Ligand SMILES: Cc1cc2nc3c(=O)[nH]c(=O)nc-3n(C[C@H](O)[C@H](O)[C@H](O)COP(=O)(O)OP(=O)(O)OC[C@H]3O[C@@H](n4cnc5c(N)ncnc54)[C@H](O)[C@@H]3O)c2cc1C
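Next up: a single chain in structure tokens, the form predicted on its own.
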């Protein structure tokens, strides 16, 4: 069990204030598969045990362990919002297990454990501006937070997304981006660094958008996810402008095996990413003794 992270009108959560965690793989059905960008697909899932499905609740920023039967298990961020998105995962094919996942078809089965991890600290940032900065597939773990923030728009100041990718074909969740660009309560800035014919948007790296967006640093929090080179340049820009190290938040990715703090494969310094993270402030990350 984990502390309830919402006003959930369901079973144990309603009566005990604790959200259940699935500790052994529960079978889920692959209902639909969508191609996102090269090497990345989104898998829409549903639990075969409907009692488990009713109890299964997530918090923005958490992750699950996904089992591809006969191939292995891997940790994956959760892009759906806690409120009402269909349960789905977006996965890049980078190894044996994820390539096996990409070979599956609708109707095939997976195993799911979780959700695990601490999630984004939404209760602590009410009233603040939220700056999302994502590079490439770094938008996957941030998507849940963006959708959640927009569904609670009155709780926050400015909400800004700065998103960069190599090309327009590498931009994740393009239907969402088009919707966000039309949302009056959301400021969206997109850039690519390899412009192709017909591209009329920004060209360059995502850190260059900070100036263009006139990002506020006072009373603001920044959620940053992307490759290390992007992370370091963006952090440098924020720190130079006076943003507090505690106001810069990111997620760490490490090899996770058990997901519940027993095997310690994901140990970084004195912390376990699976239970203490994966969400950390930059001040915490600095103390871990490893490069991102």
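Residue numbers count along the first chain shown, from 1. Please read all numbers here as calculations on a predicted model, not as lab measurements.
Note that the form predicted in complex with the ligand isn't included here; everything after this is about it.
Heavy atoms within 4.5 Å of the ligand in the predicted complex belong, among the stretches 159 to 167, 212 to 220, 72 to 80, 103 to 111, to residues of 72 to 80.
In the predicted complex, at least one heavy atom of residue 98 sits within 4.5 Å of a heavy atom of the ligand. Contact annotation: residue 194 falls outside 4.5 Å of the ligand in the predicted complex, judged by heavy atom distances. Within 4.5 Å of any heavy atom of the ligand in the predicted complex lies no heavy atom of residue 34. The ligand in the predicted complex comes within 4.5 Å of a heavy atom belonging to residue 254. Shown without its partner, this chain lists 171, 125, 91, 147 as candidates; in the predicted complex, only 91 has a non-hydrogen atom within 4.5 angstroms of the ligand. Along 269 to 283, a non-hydrogen atom within 4.5 Å of the ligand in the predicted complex is carried only by 278.
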